[in-house]
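Laid out below as structure tokens are two forms of one and the same protein chain, each shown alone and named structure 1 and structure 2.
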Structure 1
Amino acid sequence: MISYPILLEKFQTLLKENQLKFTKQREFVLKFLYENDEHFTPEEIYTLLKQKYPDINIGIATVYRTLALLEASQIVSSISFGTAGKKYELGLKKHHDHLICTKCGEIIEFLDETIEQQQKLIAKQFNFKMTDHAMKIVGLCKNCQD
């Protein structure tokens, strides 16, 4: 897994290349996602950041704007979650897919090479230039089956 200083540098380079500025709000969002290896809604990121760092000045709009920026830069990725918006996670880890529990909302990650290979094959078959792919298995997790 990539270390935080390296990730940060990557982000700063990317900003510079696009004449964008490096601000503490942007860093806070990045750092938050790095340190919390889960899936969050923009709202959650906003609330938890405020809670953890009561002194920082950040607005929900900035969280949205930053996430959009990070997603466009392929630094974070998002996953749609039912009717209720998207959840974001750091996107730099090895590609993986998700099991989503409809009852408790838990998201479990997994990686399956057979599926990865098969996806490439399918894209090729359809003359599709694949930029991303995602698989969700929806159901009840072990704990919620009672």
Structure 2
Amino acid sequence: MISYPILLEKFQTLLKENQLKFTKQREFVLKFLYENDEHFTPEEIYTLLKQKYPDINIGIATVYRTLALLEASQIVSSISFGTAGKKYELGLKKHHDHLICTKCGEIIEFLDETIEQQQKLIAKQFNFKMTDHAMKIVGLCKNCQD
């Protein structure tokens, strides 16, 4: 994976290109996602940042705007939960797909080469140039099936 100093430099360039100032609050959002390998709602990121850095002045709007910018630039990716919102993760990880529990919200990452190859074959069959894909399988995790 990309090193944090290189990611931070990319982020600073992104902010300049969008005529936005670099702030510690924005950096904390990026650093949080870099250091955590899970999926988080904006509210969870906000709460955890406030706990970790009680002296910083960060608003939930800053978290939302920073996530939107990072997602538009493909530095982070999200999984939509419809009306329940999105959960975000660093988008620079190796490609993977998701199993999502509709009861507890657990997200399990997986990669299956057979599925990856089948998608390529389907795209070829329809003369379709696949540039990306996202797969999420929804259902009940092992704990919620009881």
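For clarity, every value in this text was computed on a predicted model and none was experimentally measured. Numbers given to residues start at 1 and step along the sequence of structure 1. Between two forms, the rigid core is defined as the largest C-alpha subset superposing within 1.5 Å.
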Only one of structures 1 and 2 is the form predicted together with another copy of the chain; identify it. 1
Is Leu48 among the residues whose Cα moves by 2 Å or more between the two structures after superposition of the rigid core? no
Superposing on the rigid core, does the Cα of Thr62 end up 2 Å or more away between the two structures? no
Core-aligned, is the CA shift for Lys16 between the two structures 2 angstroms or more? yes
To one decimal place, what C-alpha displacement in Å is found for Gln119 between the two structures with the rigid core superposed? 3.2
